[in-house]
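Starting off, we have a lone chain in the form predicted on its own, written out as C-alpha cells.
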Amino acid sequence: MSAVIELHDVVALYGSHPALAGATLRVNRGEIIVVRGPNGAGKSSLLRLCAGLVAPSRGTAVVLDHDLSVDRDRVGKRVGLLGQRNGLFLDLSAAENVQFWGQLSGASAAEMSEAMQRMGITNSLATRRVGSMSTGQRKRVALACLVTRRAELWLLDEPHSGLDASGRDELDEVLRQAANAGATIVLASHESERAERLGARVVSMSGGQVVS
C-alpha cells in the first residue's frame, strides 16, 4: 500500500524550540489516523508540517511524494488543513467563503451547495457574515469549504470542537465517505471514542515524538 505521509526522525523548530523532536510516522492512502496526546505534545506541529507550512530541519519528510525539505509549496495545493484559524474570510458570508474555495478547486455549484447542506449551512446562515457567527457555526463553514476543495490529504486539528451532537455525527460521516473515496485523513483529537466510531488507527504523541 502506498504511503501518503512518510516521516523519519523529523525535527522541526519554532525559533530555537523543537516543535517536533524526532517524529517518525507512516500513513497509507485511504487511512484515517487519530493523533492523541496532551497539549504541547506536537500534534498541531505535525499537521502543519504535513501541510507544508513548517520546514523540517532534520530527518526525512515526504508527503504526497513531495520532499518537504525542497518542495513544500506543491504539497499545499493537494492538502486541506483545518486548524484553529480555519482559513475563513470574516467579512464574507458563509456561501461566499465556500464559493471562493470551491472555485479554486474547480467544484461545481451543485457540489458547493451539497457541501453546505451537509454541514447545516442553510437559509439565513448561508448569507450571514462569518465574522458574526458563533465558533460552532464557523467550524461548519470551514468544514464545508474543506469538502469542496477535494483534497487528497485532510489534516484536521480538533475538528469536533465547537460542534453540537448532530454536527459531530455528520462530520464523522463526511470523514468516512471521504476516506472511502480515497482521501487520507489525519486528525488531532482528545476524544478517544471518535477513533472507535471512525474505525481509525490511533497514534500517540509526547514531547514532539510519535510514541505509539
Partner chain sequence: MNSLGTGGVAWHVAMKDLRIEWRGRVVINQVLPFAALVMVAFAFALDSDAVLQRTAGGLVWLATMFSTFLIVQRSYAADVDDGALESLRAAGIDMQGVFLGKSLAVMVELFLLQCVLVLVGFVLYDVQMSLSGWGMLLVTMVGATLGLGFVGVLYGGLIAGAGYRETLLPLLVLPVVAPVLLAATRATESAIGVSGLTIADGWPWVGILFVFAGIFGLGGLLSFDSVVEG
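Note that the structure is predicted; figures quoted are calculated from it, not measured. Residue numbers count along the first chain shown, from 1.
Another form exists, predicted in complex with the partner chain; not displayed. Remarks below refer to it.
No member of the trio Gly162, Glu191 and Arg201 reaches the partner chain in the predicted complex with any non-hydrogen atom inside 4.5 Å. Although the partner is absent here, Gly136 lies well away from the partner chain in the predicted complex, with no heavy atom inside 4.5 Å. Not displayed here, the partner chain is kept clear of Gln117 by more than 4.5 Å at the level of heavy atoms in the predicted complex. Among residues of the shown chain, Ala109 is not one whose heavy atoms approach the partner chain to within 4.5 Å in the predicted complex.
Residue contact check for Leu125: none of its heavy atoms lie within 4.5 Å of the partner chain in the predicted complex. In sequence order, Arg85, Asn86, Gly87, Leu88, Phe89, Leu90, Asp91, Leu92, Ser93, Glu96, Gln99, Phe100, Trp101, Gln103, Leu104, Ser105, Gly106 are the residues of 82-106 having a heavy atom within 4.5 Å of the partner chain in the predicted complex; the partner itself is omitted from this view.
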